[in-house]
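This document starts with one chain, in the form predicted on its own, laid out as structure tokens.
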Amino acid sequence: MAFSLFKKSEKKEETHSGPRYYDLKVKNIVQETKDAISIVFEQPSSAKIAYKSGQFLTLIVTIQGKEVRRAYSLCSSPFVDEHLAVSVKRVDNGLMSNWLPDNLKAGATVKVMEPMGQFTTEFSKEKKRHLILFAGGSGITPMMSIIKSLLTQEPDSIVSLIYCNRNIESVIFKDELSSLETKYEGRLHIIHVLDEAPMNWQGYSGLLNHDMLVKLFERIPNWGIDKSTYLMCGPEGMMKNVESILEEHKISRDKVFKESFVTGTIAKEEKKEAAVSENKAHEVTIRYDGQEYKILVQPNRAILETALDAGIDLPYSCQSGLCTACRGKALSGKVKLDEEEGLSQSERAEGYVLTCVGHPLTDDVVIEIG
């Protein structure tokens, strides 16, 4: 799972060295569709876990004797829901995405890393805006949290959701979305798009291509560019098509935000090939949790990967360079990143790096984490 930015909020001040971990009890497991479940976690009795709509939880589970970490977006709203909930959709050959629905039961305890992610926005009753959301498959998960929060916290704002799925049976949150659309009539507009539509389907069918997007834009309420913000989360191809049509409509990039569950395959391969040119191992010093560690990072091996192999328990989650759980500050030396989308321009200028996709280019790299 990988992430890019909705709204780059200010980094919270850390009062602890490194992320917090919790052992959360599974309150309930909801079968959303044949291939998707929602896992509802009880809030700790001592103090509730604070989070923002659009953030994610990192689940840590031991599978076949090995610790596995995967990040899943929260579908619950901190303003509406008493407990925390994430949705998990089965993926072909997905280790965690198949283990969870097959093995996890209500009453079990799961280790999780504190909520993270910056696909978020601040809600205020004074705001009056139009959020236009494009979701594909499990990309509805963070959108669900955002929808519930905006409808309850901003009475003068509206939401338009274009939601793409393979067929009607694979629509996650179908009944809940329908109920919300009825309850907030005139404020929540939902357009479903199905690849495989049934015979009596009255909506859109086929892939979300350019021609379909042109027609869809005619159905979306027009609140003007100043009051409209565009969010997308789904397959790479879908998001590229949406970005293309937004460019044609002269929508400024600062109005467009996306959340990616997989790193772009084309860009990833290009970056991987570019990294091959560095053929020398370099020593890296890591300062974390009051300790200092020195590791020798071999060519084309990431700093995080090398540290974990050396038994150094650094924080991480997606391992794709977008969630920022592994973020650290390079106090000296040069570090090449395979993926930079998880960091803002100002963070890169300040020397922040992502250890999961970071490769040292010099022998004087010192990274401070936490």
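We number the residues from 1 along the sequence you see. Owing to the predicted nature of the structure, the values given are computational and were not obtained by experimental measurement.
Omitted here: the form predicted in complex with a small molecule. The next part is about that form.
With the partner left out here, the small molecule still marks one of 295 to 303, 120 to 128, 96 to 104, 211 to 219 in the model of the complex; by a 4.5 Å heavy atom cut-off that stretch is 96 to 104. Residue contact check for residue 91: one or more of its heavy atoms lie within 4.5 Å of the small molecule in the model of the complex.
For the chain shown alone, residue 145 is not a contact residue for the small molecule in the model of the complex, no non-hydrogen atom being within 4.5 angstroms.
Taking the partner from elsewhere, residue 314 is found to have every heavy atom lying beyond 4.5 Å of the small molecule in the model of the complex. In the model of the complex, the small molecule sits beyond 4.5 Å of every heavy atom of residue 157.
Exactly one listed residue, out of 229, 87, 165, 77, brings a non-hydrogen atom to within 4.5 Å of the small molecule in the model of the complex: 87.
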